[in-house]
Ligand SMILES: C[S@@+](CC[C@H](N)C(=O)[O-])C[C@H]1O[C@@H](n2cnc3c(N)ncnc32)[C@H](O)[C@@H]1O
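Consider the single chain below, provided in structure tokens and representing the form predicted on its own.
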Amino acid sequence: MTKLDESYWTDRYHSGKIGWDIGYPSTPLKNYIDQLEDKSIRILIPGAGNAYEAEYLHMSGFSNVTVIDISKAPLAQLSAKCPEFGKEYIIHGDFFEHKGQYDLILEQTFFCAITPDLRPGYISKVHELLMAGGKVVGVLFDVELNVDRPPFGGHRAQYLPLFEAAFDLAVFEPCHNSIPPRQGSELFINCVKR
């Protein structure tokens, strides 16, 4: 399998081979964001890519949104299209080495971009980065996809033991408001750190 390092992802962005990128904030996450009242909460978006959700949060008045990505390419695009987004909140780096404390981590295609063997480490890192009672919220693919390259799929039954080990599952169900091409193939998750 190809090494999924910075050069791999940068090449994907430069060549436009980013099929997971829908070009706007994901409907399930947009709807979730729209019901959040506290605009000061600390939010992290790992593997943010083109960061449509981060831009939407910023435009909606959220003041403490951090994005991290292993590739500089999409981060530069975020800076260019949203210059008022604070540079200190745009982090070029490895999620698994990131330090910080957050109230909310938004999951949008990062879980499917890492190899499945890294998923237990993802759970540990998310748990570490969240404050007590913090949440990881987002969408996961609930369908078999690729085994040799991203996006990597899977199913609810495979994910449950990972998340249940560290979180109370407020929601872990089929997503009712996926974008049309992903209807029936996503889970919406809202998992609370315990």
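Quantities reported herein were computed from a predicted structural model and do not represent experimental measurements. Residue numbers here begin at 1 and follow the sequence given.
Just so it is clear, the following notes concern the form predicted in complex with the ligand, a form of the same protein that is not shown.
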Given that the ligand is not shown alongside this chain, does Trp20 nevertheless sit within 4.5 Å of it in the model of the complex, heavy atom to heavy atom? yes
With heavy atoms only and a cut-off of 4.5 Å, decide whether Tyr89 touches the ligand in the model of the complex. no
With a 4.5 Å heavy atom cut-off, would you call Gly134 a contact of the ligand in the model of the complex? no
Is Leu78 close to the ligand in the model of the complex, meaning a heavy atom pair under 4.5 Å apart or at it? no
Taking the ligand in the model of the complex as the reference, which of Ile70, Ile33, Leu130, Ile43 has a non-hydrogen atom within 4.5 Å? Ile70
At 4.5 angstroms, heavy atoms only, are Trp9, Ala48 and Phe96 all close to the ligand in the model of the complex? yes
Since the chain is shown here on its own, which stretch among 62-70, 155-163, 121-129, 35-43 would lie within 4.5 Å of the ligand in the model of the complex, judged by heavy atoms? 62-70
